[in-house]
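What follows is a single chain, given as structure tokens, in the form predicted alone.
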Amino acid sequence: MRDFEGEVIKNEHITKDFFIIEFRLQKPIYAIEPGQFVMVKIPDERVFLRRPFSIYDCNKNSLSIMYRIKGEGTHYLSKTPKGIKTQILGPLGKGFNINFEDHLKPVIIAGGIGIAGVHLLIKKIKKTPDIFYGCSDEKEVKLIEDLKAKHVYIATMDGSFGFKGDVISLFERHLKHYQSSICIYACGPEAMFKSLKEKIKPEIKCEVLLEERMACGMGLCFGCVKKTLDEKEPYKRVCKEGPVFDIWQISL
């Protein structure tokens, strides 16, 4: 973990209220696990606390994040022009375990902005995964344009593209063909995880990236705890013991 100076080299509007911002780092960043995150200082004096973002992509001296405007911090971030410098703390947290058994087929499930949390995983995983992506409408399909050449199944809630409905319902249609020879990686809202947990058997390996509000990102403030099934220490810090957890070990 280090505090890097980053210079904005791109802050691109993708669709609706979604953006990708790319930073040129003053020093190279190494040993990033898919699923880890960074704490970014919003380059505006009106925003005091740093904001957490999943690492969307990285390449030694560059790092990019995908974000959605949800509040004051991301609103001001979307207005940040090229050339502005800021501080980026990371990489933080525990990422996905991609050293799975050779006989398993990786399946990646993302909902909405959750694609930002698994994008680096898709690039680094050793086998070509099946990808299930769920979003609101056809406009949000632009968030996965670079994945079109892969095995991608898409669900939109309004039916304007692909399967009409939620992404777990789409995944359930394919589940019988996999039997139990899969390992699942997922990122999205908690309701998506609850539905997924109800559909799969306990013997299926499944890791999920939790989306929680964070203040410090380093486990000091205990502001992002999640209840788990650990009887000795049931409450885990999402920023420290996570943000990636075994779905069978968390309370949903």
Ligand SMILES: Cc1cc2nc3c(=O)[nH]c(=O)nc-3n(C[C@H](O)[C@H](O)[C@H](O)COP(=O)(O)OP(=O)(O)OC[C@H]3O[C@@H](n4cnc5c(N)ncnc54)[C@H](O)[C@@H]3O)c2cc1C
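Residue numbers run from 1 along the displayed sequence. The structure displayed is predicted, hence computed values, not measured ones.
Separately, the form predicted together with the named molecule exists; it is not shown, and the next lines address it.
Given that the named molecule is not shown alongside this chain, does Phe193 nevertheless sit within 4.5 Å of it in the model of the complex, heavy atom to heavy atom?
No - in the model of the complex, heavy atoms of Phe193 and the named molecule never come within 4.5 Å of each other.
May I ask you to state whether Ile200 is within 4.5 Å of the named molecule in the model of the complex, using heavy atom distances?
Contact check for Ile200: no, nothing within 4.5 Å of the named molecule in the model of the complex.
- Message: Contact with the named molecule in the model of the complex for Arg213, defined as at least one heavy atom pair within 4.5 Å: yes or no?
- Response: Output for Arg213 is yes: heavy atoms within 4.5 Å of the named molecule.
Answer yes if any heavy atom of Gly71 is within 4.5 Å of a heavy atom of the named molecule in the model of the complex; otherwise answer no. Residue-level check for Gly71: yes, a contact with the named molecule.
Worksheet item: Pick from 160-168, 137-145, 110-118, 80-88: which stretch has non-hydrogen atoms within 4.5 Å of the named molecule in the model of the complex?
Response: Checking each option against the 4.5 Å cut-off leaves 110-118.
#### Entry: Non-hydrogen atom within 4.5 Å of the named molecule in the model of the complex for each of Pro106, Ile122 and Phe132
The answer is no: none of the three residues contacts the partner (heavy atom, 4.5 Å cut-off).
Residues from 16-48 in contact with the named molecule (non-hydrogen atom within 4.5 Å) in the model of the complex: Result: Phe37 alone.
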